[in-house]
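Have a look below at one chain only, the form predicted alone, in structure tokens format.
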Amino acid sequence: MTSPIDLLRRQVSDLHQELVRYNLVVWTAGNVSARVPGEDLLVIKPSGVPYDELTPENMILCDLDGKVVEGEHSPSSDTAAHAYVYRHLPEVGGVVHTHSTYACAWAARGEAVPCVLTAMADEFGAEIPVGPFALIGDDSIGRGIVETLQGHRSPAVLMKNHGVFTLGKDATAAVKAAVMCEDVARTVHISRQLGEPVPIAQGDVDRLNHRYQTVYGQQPAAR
């Protein structure tokens, strides 16, 4: 039988191809990770390996301190940030990092993406906030992510002068948030070239977000 970790390795490997599909990454930048349910472990991509060479077998299993438990390669250079998020936000099951173009343009300005679209209200429930500048190599980025998103509706943060980190209940949800983050960052950027975007009233943002999170999509059939 296939173990839960093997299934997660395949899922994480496959989700990296979604980053390529939606033009969220170039070369070997970016990464997806997933928490192993019920374990203090995560699965993440190897560092510096091209996307077309990623396989379930070369995904890296780490503990929540970022130390390799199983794998022949070094893990992503962002592993410490992912691990910090998992240690401090137990509800998070997936983390994604991208350098997607339009979202990074906002990050380079150190500016939050304002909530001026119903799609933003649906997915993010607020502006997409900016986190502090932090250097890669330790858990500084992870601390910035947690400090910015803890208590915030948005599953996405623009780390200043860096890029996008998104969180989700699982890795698929985190990838979805990364896709949506780039989409709205692009649209709002274009809107700003034409004039000042019109804000959405907070009460309407609240209602849109609640509906999207609780009603949208297929609901379980009543018994």
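Computed from a predicted structure; not experimentally measured. For every residue, the number given is its place in the sequence shown, counted from 1.
FYI, the form predicted in complex with a further copy of the same chain isn't displayed, but the following is about it.
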Next on the checklist: To test your reading of this chain, name the stretch in 62-70, 150-158, 32-40, 45-53 whose heavy atoms come within 4.5 Å of a further copy of the same chain in the predicted bound form.
Outcome noted: 45-53
Checklist entry - Heavy atom to heavy atom, is residue 57 within 4.5 Å of a further copy of the same chain in the predicted bound form? => result no
Item to check | 4.5 Å heavy atom contact, residue 87 to a further copy of the same chain in the predicted bound form | outcome: no
Checklist entry - Is there any non-hydrogen atom of residue 126 lying within 4.5 Å of a further copy of the same chain in the predicted bound form? => result no
Checklist entry - Is there a heavy atom of residue 143 no more than 4.5 Å from a heavy atom of a further copy of the same chain in the predicted bound form? => result no
Checklist outcome for this item: When a further copy of the same chain is considered in the predicted bound form, the residues of 75-91 having a heavy atom within 4.5 Å of it are 77
